[in-house]
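Okay, here we've got a single chain as structure tokens, the form predicted on its own, with questions on binding and movement later.
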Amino acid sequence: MIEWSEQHQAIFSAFRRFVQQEIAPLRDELEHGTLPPYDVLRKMFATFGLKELAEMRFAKALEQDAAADRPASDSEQDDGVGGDMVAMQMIPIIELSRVSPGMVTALGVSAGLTAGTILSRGTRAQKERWGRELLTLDRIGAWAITEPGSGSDAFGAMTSTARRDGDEYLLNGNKTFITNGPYADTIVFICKLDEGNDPKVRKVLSFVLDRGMPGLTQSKPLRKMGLHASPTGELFLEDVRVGRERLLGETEEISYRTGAKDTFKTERTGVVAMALGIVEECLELCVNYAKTRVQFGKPIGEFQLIQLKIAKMEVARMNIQNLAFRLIELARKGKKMSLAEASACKLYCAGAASEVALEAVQLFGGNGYMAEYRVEQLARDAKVLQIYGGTDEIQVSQIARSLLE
């Protein structure tokens, strides 16, 4: 794939109109945390038939289970269907990221990461109980792995535990930086099985929790630098009692560590579309500003240093777009990036988006530091791409290890 098709361009235009009409006017409310993003996202799903597509995806997952008697896998695509699906998933992400990248994170964690974990690891009964409503946004999901002391060492420093109590489990622990945490209806809680053994060798299990369970506390939204349209919070569990039906897969034999690589690949390649949206918006804003802002008697776009900034932004846009096309082509062939390539993808795209957004602030000068010109929001939002899903330093380590093996 070397360019977006006419069909893709038409879909881009439709989503862009929706974003400008329905989301841009709400930017201040979303940005300052007074308006959770979920009803707006549900309206988008209804407008573009995304809820029906989610229902189809869910039905297909169950059909695959029935046909092969095994968990469904998104990697099994043929006849180009996978590529078309990836392209269709990217387009709304790109357009949303131009105005409100935080909404993408809220959507991706709920309908992507949380639902995907249940669909890939859950029993049929668990998928039917939680999977469909997460995919359709009828329920909001959170995926809880990060802890106050764990950060990049998510498994090694994990202290949250599950302890057997008869036929049930008691869950204890504290999770932080949890996207959708304050409002989540369904939570995938990742912890270690405490059998009185060394914490370093304990199995990592995952449980599905529901809002309001005794012993489960969801904090108010945390204040943060950017992504204000994506509510982030803490979770506190004190002797939360659950039955085996809430243990994903209903077995202790498969540790969550075994599926971590697939989760990381999904998170890291997901940054591509977000970065592309941010860079495209920064570039468009800068080009328009450079044409109209007059200094020393002429538009600043006539100065070579301004031209250099804009040219570098266009190079970054082209590179990120080509990575998006690569993801689409791989999906068409039923393939995915390796973990190392996904890490390289995230490292470049996150860095490029952050650099472009900061240069946009610089190009706008004093105006760029003001919220009304929007590049300051994009700069704050872009920075987190270098942190979540694994910091830049973690990506470098993963890439280097793959080369030195």
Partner chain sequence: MKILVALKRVADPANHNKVKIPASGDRIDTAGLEWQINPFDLYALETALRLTENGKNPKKREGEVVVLTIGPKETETNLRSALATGADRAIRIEAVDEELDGRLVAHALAKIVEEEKPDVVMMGKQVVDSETNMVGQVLAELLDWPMATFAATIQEQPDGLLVEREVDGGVAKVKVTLPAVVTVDLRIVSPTSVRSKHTEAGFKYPYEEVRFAPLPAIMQAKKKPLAIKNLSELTPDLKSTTRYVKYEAPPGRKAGIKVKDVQELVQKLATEAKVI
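Because the structure is predicted, anything quoted here is derived from the model rather than measured. Numbering follows the first chain given and starts at 1.
The same protein also has a form predicted in complex with the partner chain, omitted here; what follows describes it.
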Is Ala14 near the partner chain? Define near as a heavy atom within 4.5 Å, in the predicted bound form.
yes
Can any non-hydrogen atom of Tyr388 be found within 4.5 angstroms of the partner chain in the predicted bound form?
no
Does at least one non-hydrogen atom of Asp194 fall within 4.5 angstroms of the partner chain in the predicted bound form?
no
Under a 4.5 Å heavy atom criterion, is Glu405 part of the interface with the partner chain in the predicted bound form?
no
In the predicted bound form, the residue from Asp84, Glu267, Glu280, Glu234 that sits within 4.5 Å of the partner chain by heavy atoms
Asp84
Single option in Leu330, Met158, Met88, Ile300 placed near the partner chain in the predicted bound form, where near means a heavy atom within 4.5 Å:
Met88
The partner chain in the predicted bound form: contacted by all of Thr146, Ser152 and Phe177, heavy atom 4.5 Å
no
Of 354-362, 369-377, 332-340, 46-54, which is the one stretch near the partner chain in the predicted bound form, taking non-hydrogen atoms within 4.5 angstroms as near?
46-54
Along 1-23, which positions have a non-hydrogen atom within 4.5 Å of the partner chain in the predicted bound form?
Glu6, Gln7, Ala10, Ile11, Ala14, Phe15, Arg17, Phe18, Gln21
